[in-house]
Ligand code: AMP
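Here you get one chain, nothing else, as structure tokens; it is the form predicted alone.
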Amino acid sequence: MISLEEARELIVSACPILEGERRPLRAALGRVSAAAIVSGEDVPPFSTSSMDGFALRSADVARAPVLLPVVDSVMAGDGRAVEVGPGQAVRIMTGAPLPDGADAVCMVERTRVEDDGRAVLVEVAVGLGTAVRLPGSDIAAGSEVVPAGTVLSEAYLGVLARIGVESVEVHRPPTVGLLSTGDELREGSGSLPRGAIRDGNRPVLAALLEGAGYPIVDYGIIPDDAATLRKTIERAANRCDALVTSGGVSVGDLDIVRIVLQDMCGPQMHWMQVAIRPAKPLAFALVDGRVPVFGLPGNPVSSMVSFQLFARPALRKMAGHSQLVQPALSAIADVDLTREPDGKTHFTRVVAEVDSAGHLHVRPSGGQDSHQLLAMAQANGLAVLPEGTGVRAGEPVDVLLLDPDRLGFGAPPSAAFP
């Protein structure tokens, strides 16, 4: 057997980073920047007020309270040349340009307007620069605002818009071909003939790929026929950047994905028995030396786990990501998570919740056999159980969160365990 880390390194290192393409900002969310972006201007471009109040000279209110005449009013977007002279004040709104001569703003809550708005009583002293946003205090001209390899979040798109960037060079996401293999597979409704089952793997894998932002080409269900599978793989290699298959990678006589990939790719095909449970069998190959094929096992849970552990990090590399492997979080086992020693790392389907103290707790979501997809659907994490007998209730355990949006609240506080 090969370790999880060795298998993942072999696969990830063989996958190329895809070239860049220019995209408008609104089409760049979640993409990875292919080049650094430097600001050509200051943000803000001029001194502005950070609150509603009165612009003034700080020296004039050093001995507050002080009554000052109000000589003008400035709103956001006002392009007039307004000036504050000695002993004067200007009414100013948040975001408005600071008048010439002013060096501070007193918030409106610490003032009292008098003489029908022609004067203001400033009740407190304000220091130099109070409530003033200086040019470049957010972004300085010439500064690198987006390093190469940055995932463009919503806030980054706002940053780029603020410096006048309309499009950005990002790594292209891989287009991924998808297929299932097996004479026994069917899809859709209706009665099933004896020995047939419905294909649940392709819908799951398609959702995982589309959720990550990767376009897919669905090649459907391929029967256990080597010639048909080979032609399909060749078609996919001519159209797609990668191919994900499920089934046909174990040791049986009709495990045709393993057989066909070996025939097509020779030494660039790797058939592995990975020291994990579920998802022990795995095939990986480079078709024509350039298109990676991820041959995942056919059992539904094994297929999902294998995708998360191997295909996901490799596809993220292709899309330009630098953070490839999902980090494990430390949780507390609410019940015993037992296992038998077998030389493998076990991934147990769990429900993760956060208690009132902010601690993460996990408990099994249901049955753990590799065909039991319902328990996987009810889970939002995988507890990582290293070789041994497992962990006991109250002990720490690492967990991979599969769906943080389903992270529940209300587990008992960790203090419940001595």
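Note that residue numbering follows the sequence shown and begins at 1. Fair warning: this is a prediction, and the values are worked out from it, not measured in the lab.
From this point on, the text means the form predicted in complex with this ligand, which you will not see here.
Asks: Can you say which of 92-100, 292-300, 271-279, 139-147 gets within 4.5 Å of this ligand in the predicted complex, counting heavy atoms only?
Replies: Of the stretches listed, the one contacting the partner is 292-300.
Asks: Can any non-hydrogen atom of Asp334 be found within 4.5 angstroms of this ligand in the predicted complex?
Replies: Asp334 lies outside the contact set for this ligand.
Asks: Counting only non-hydrogen atoms and a 4.5 angstroms cut-off, does Gly200 reach this ligand in the predicted complex?
Replies: Result yes; Gly200 sits at the interface with this ligand in the predicted complex.
Asks: Should Asp255 be classed as touching this ligand in the predicted complex when contacts are defined as heavy atoms within 4.5 Å?
Replies: Asp255: contacts this ligand in the predicted complex.
Asks: Using 4.5 Å between non-hydrogen atoms, is Glu169 touching this ligand in the predicted complex?
Replies: So Glu169 does not count as contacting this ligand.
Asks: Among Ser250, Thr130, Gln88, Thr232, which has any heavy atom within 4.5 Å of this ligand in the predicted complex?
Replies: Among Ser250, Thr130, Gln88, Thr232, a heavy atom within 4.5 Å of this ligand in the predicted complex occurs only for Ser250.
Asks: Select from the listed residues Leu309, Val159, Leu185, Met318 the one whose heavy atoms reach within 4.5 Å of this ligand in the predicted complex.
Replies: Result of the distance check: Leu185.
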